[in-house]
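Only one chain is shown below, in structure tokens, and it's the form predicted alone.
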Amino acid sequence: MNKRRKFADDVRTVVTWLSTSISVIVLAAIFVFVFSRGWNTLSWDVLMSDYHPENMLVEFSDGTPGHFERPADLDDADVFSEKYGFALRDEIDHRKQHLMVLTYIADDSPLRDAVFAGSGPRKGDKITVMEDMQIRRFDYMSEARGRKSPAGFMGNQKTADETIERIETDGSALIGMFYQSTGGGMRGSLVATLMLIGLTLVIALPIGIAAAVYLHELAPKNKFTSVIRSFIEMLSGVPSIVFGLMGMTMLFSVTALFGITTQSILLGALTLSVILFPVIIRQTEEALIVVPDGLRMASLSLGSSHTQMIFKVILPNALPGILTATLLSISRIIGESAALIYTMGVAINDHPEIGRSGTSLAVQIWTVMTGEQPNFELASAISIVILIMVLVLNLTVKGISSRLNRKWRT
């Protein structure tokens, strides 16, 4: 009998260690993949720049050629123009697109004297051409054709060497150029995510906490209360994409009252609030259960009303559990994508507003991975940002909860 029991205990121990090891290995593999593919892409520029590059057309006031010496410290990969005093380099950006980057500009290069050539009130304004700009095209005066010609991606030159060779052999003067900002960033989605978190918590937390207080502290223990609890439990099992459809069909009329007639961050927040109600109610109830009944009795015996007892005794003591509910809610908001595809849209908006469509960080991952060339690097970089946000939130909530517990013990 003892041998059989020992064998059964050993089997359980092996199964426990095996399942734990598999979980750790899978989690480690995910972290290794994400950080190996996205860490080199992640930078402050990617974090704070727009996804859509800004196009800029400039003209040079004096584009006549000169003679420039190649700097001794210029990298071998840089192609230098001896006639116009600048250098280009071929690169592949984090969107897997080939580009030419401006890596050097001489002090007296024609590129230093540029003005805005586009339409609008900025036309004629002086433009400071800086290094690291993505050059799409140079316009030059062609000696062979006797007119303005393009060189670069819009002139059938695909590399920096071909572009500079073209303007030096066929050009008598530089007229202007067309360049783009870096692009491919996540600033708009990061801002939209923060706006979504704030709006959702403002809507969901008061309603969810109030519902939990009612169910645990005020509601009678009858069949009606049991039915309500069953419905809440059922809500937690509904797929989020169903909530997205519900948001488009039912909650859309709510946002229409505010004059919002398209997908919007507000619609996404309302939909996520419904998704989070079961989480907030369940976690808040667990926090209320932990509060000792002795505190309730002591408060009532001192003459406080039921309402005073709830707000002055129970809720303050349940605050660590409520913070846990808030943390779980924020994590769900950050990681949600299916419901937001319908309610917020999938078009990346670099300047999000509450009443306009946009993408959260999770939806931007979906967007950059659904094209013809999935961008694993940018998707992994965004995943790292999400992981860091969740880690910081966990540490913050744990720190606040620990401090509150120490305060109440003393």
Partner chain sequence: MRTLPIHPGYQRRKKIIDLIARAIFLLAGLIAAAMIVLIFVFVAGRGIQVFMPGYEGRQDLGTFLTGMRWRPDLTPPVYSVLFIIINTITTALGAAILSFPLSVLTALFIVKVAPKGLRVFFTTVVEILAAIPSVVYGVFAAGSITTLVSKLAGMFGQSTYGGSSMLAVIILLAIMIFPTITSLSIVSIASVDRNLELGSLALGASRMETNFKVILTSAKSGIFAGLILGLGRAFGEATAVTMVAGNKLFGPTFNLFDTTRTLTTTMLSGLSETSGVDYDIRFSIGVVLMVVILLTNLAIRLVKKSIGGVTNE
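Note that the structure is a prediction, hence the values are computed from the model and not measured. Numbering follows the first chain given and starts at 1. Between two forms, the rigid core is the largest collection of C-alphas that superpose within 1.5 Å.
Not pictured, yet referred to below: the form predicted together with the partner chain.
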item	value
Candidate stretches 364 to 372, 65 to 73, 52 to 60, 348 to 356, one within 4.5 Å of the partner chain in the model of the complex by heavy atom	364 to 372
Site test, 36, 101 and 127 vs the partner chain in the model of the complex, non-hydrogen atom cutoff 4.5 Å	no
Residue 181 within 4.5 Å of the partner chain in the model of the complex, heavy atoms	no
The partner chain contact at residue 112 in the model of the complex, heavy atom, 4.5 Å	no
Contact test in the model of the complex: residue 239 vs the partner chain, heavy atoms, 4.5 Å	yes
Close approach of residue 228 to the partner chain in the model of the complex, 4.5 Å, heavy atom	yes
Residues from 320 to 343 in contact with the partner chain (non-hydrogen atom within 4.5 Å) in the model of the complex	335, 337, 338, 341, 342
Per-residue C-alpha change between the shown form and the other one, residue 397, threshold 2 Å, rigid core fit	yes
